[in-house]
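Take a look at this single chain, the form predicted alone, given in structure tokens.
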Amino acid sequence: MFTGLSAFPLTPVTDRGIDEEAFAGLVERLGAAGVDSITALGSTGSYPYLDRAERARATRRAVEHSGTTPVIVGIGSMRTRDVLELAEDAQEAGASGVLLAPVSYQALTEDEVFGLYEDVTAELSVPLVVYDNPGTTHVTFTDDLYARIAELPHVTSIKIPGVPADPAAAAERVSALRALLPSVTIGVSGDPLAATGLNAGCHAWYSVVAGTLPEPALAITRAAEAGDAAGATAASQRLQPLWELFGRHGSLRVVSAIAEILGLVGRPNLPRPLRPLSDDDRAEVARVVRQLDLR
């Protein structure tokens, strides 16, 4: 569950709340494609914009419609009390694991970040993925902090924010992390550099694009797993027009547009104040979808 490809689907939201039918369809699509795990309510799933009841419903739908594919559920929230409640909801719904980012408003110290994971893991009965996402949380994990947290019970994987673009530098970084953190898997994020991370020895790819387009993400992952570094790199390079869209507009808005273009979700599908891409930008996304034959 904490190796291979973990797909992060959208949580489509309308003015009436979560579009549970569309969300279930996205989850079923991922299970049918053969991803290794499904991570519901990650950043691509817009978890900070949803209340506890909405998140509980989305978790139940994900577990109900994932088939045999294990479901990991994001439980990040501002206050430890709320994280513990969300963890309880996820476990009661049958989640196979949880994903936790140190969400904050006030800047957190290293001891406060460690304390969050210490408090949460003490109450868990399922594995936990540490979600290092400094662009969103403004928390920077040091390697020492990784090592402290990795010793806590139930910590099974660490989702790092990316790897160096240079393959040799990436291999050096991942090798150092694997030596420092032998008890957990290392998962790469940042989709444009995922092939580099997997080729460098990351155990998993926690993927935005796979939540909407599992097939091209699986092509990259399976090539890397087979030791075909050139094939994984080529499969990623084929998606360069998509990676450029991610860089210009942000991955969430782009996959939101793709899911709508493919008829997987309605429009709009992001929680306000988030808004869909402009008509001109959406047209550009549609052109790339046709160019790359994405489906």
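All residue numbers are counted from 1 along the displayed sequence. Everything quoted here is computed from the prediction, not taken from an experiment.
Beyond what is shown, the protein has a form predicted in complex with a further copy of the same chain; the following relates to that form.
Looking at 249 to 257, 224 to 232, 59 to 67, 31 to 39, which lies within 4.5 angstroms of a further copy of the same chain in the model of the complex, counting heavy atoms?
Result of the contact check: 249 to 257.
I'd like to know if residue 274 sits close to a further copy of the same chain in the model of the complex, meaning any non-hydrogen atom pair within 4.5 angstroms.
It does: once a further copy of the same chain is placed as it appears in the model of the complex, residue 274 has a heavy atom within 4.5 Å of it.
Though only this chain appears here, would residue 136 touch a further copy of the same chain in the model of the complex if you measure heavy atom gaps against 4.5 Å?
Yes, residue 136 lies within 4.5 Å of a further copy of the same chain in the model of the complex.
Can any non-hydrogen atom of residue 264 be found within 4.5 angstroms of a further copy of the same chain in the model of the complex?
Taking the distances in the model of the complex, the answer for residue 264 is no, it never comes within 4.5 Å of a further copy of the same chain.
Using heavy atoms and a 4.5 Å limit, would one call residue 169 a contact residue for a further copy of the same chain in the model of the complex?
Judged by the heavy-atom cut-off of 4.5 Å, residue 169 is well away from a further copy of the same chain in the model of the complex.
Could you check which residue among 88, 143, 112, 215 gets a heavy atom within 4.5 Å of a further copy of the same chain in the model of the complex?
Selected option: 112.
For this chain shown on its own, do 43, 78 and 108 all sit within 4.5 Å of a further copy of the same chain in the model of the complex, going by heavy atoms?
Each of the three qualifies.
Since the partner is left out here, which residues of 31 to 51 would have a heavy atom within 4.5 Å of a further copy of the same chain in the model of the complex?
In sequence order, 43, 47, 48, 49, 50, 51 come within 4.5 Å of the partner.
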